[in-house]
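Only one chain is shown below, in structure tokens, and it's the form predicted on its own.
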């Protein structure tokens, strides 16, 4: 149709990981283990589940458009004013609002070529010019991104840790980078995997800097296990937040999402266990990869990425594992044809994965 802009016609939509239900329908496999979408395998906090079960009787009412209680809780945690906090349908919902709020006709964006595909879709859908920068050793090349900044650069997107590689840039490199970013340029700092990296001594928690031109994004989808409710939050200067509040959808996130997120923040023990078992799971996989001589990218998130010699070998690996009931994530759509991402499942799921992995190698 002529009504559709060329940049939308040419847009490749986001393709999510395979669903367990789809695999069961098309195969005779019994138990299916999904290790493809970086979800929390232990589910949400019991406190979050309990509060969700109490809110159904009020679902005929619209959600609190301001998200006051949750924003207030988040503001206390980070010692900021409530006017520095925004909620959205996942961090992608806030990314979308940022692009719609701050980009003028001639504005441009910069990001890493093989980073989070959700941002790539949103950026390409904007019709604006995007300067994609190649990664270096599967990491953000902050120096090369700095070199791309020009008078039209309005938004720079950085994911730290990155998805799908699990790598992160340290404090020193982040500080050097920010020294080269003009005040007129917004930096979206996507810290969706913050909870899994925050213990690292050289990890640059963006909230410890408080840059006026940085918008920090975090989510309840990963560490808190609320992916199905789609809720995330952003932290930034009050002027940035006030303008975003004008553009975001008025009744997002939903009532169950807001209440569950509030209770999730009150259950620090559930988060602690999630992080603990994630570290154990990564160690189990790395030990086995080393024994089998498989190449992988060191990770600071809740997944680990294997590197194969070429796409053919990577594709065969994902197909082999799928035939044995394990769903993994091919990274062809991210531009990393020779890589396969493995989400960290439960300890039992990892044991099953390792058992099948040994068959692949035998």
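Computed from a prediction, not measured in an experiment: that's the story for all the values here. Numbering follows the first chain given and starts at 1.
Missing here is the form predicted in complex with a small molecule; even so, the following discussion is about that form.
### Query
in the model of the complex, does residue 274 have a heavy atom within 4.5 Å of the small molecule?
Contact with the small molecule, no.
### Message
I'd like to know if residue 98 sits close to the small molecule in the model of the complex, meaning any non-hydrogen atom pair within 4.5 angstroms.
### Response
Taking the distances in the model of the complex, the answer for residue 98 is no, it never comes within 4.5 Å of the small molecule.
#### Entry: Proximity of residue 154 to the small molecule in the model of the complex, heavy atoms at 4.5 Å
It does not: once the small molecule is placed as it appears in the model of the complex, residue 154 has no heavy atom within 4.5 Å of it.
### Query
Is there a heavy atom of residue 90 no more than 4.5 Å from a heavy atom of the small molecule in the model of the complex?
Flag for residue 90 set to yes.
### Query
Can you pick the one in 278, 163, 84, 111 that has a heavy atom within 4.5 Å of the small molecule in the model of the complex?
Only one listed residue qualifies here, and that residue is 163.
### Task
Would you mind picking the one in 194, 224, 203, 116 that has a heavy atom within 4.5 Å of the small molecule in the model of the complex?
Only one listed residue qualifies here, and that residue is 116.
### Among 251 to 259, 73 to 81, 213 to 221, 130 to 138, the region lying within 4.5 Å of the small molecule in the model of the complex by heavy atom distance
The contacting stretch here is 213 to 221.
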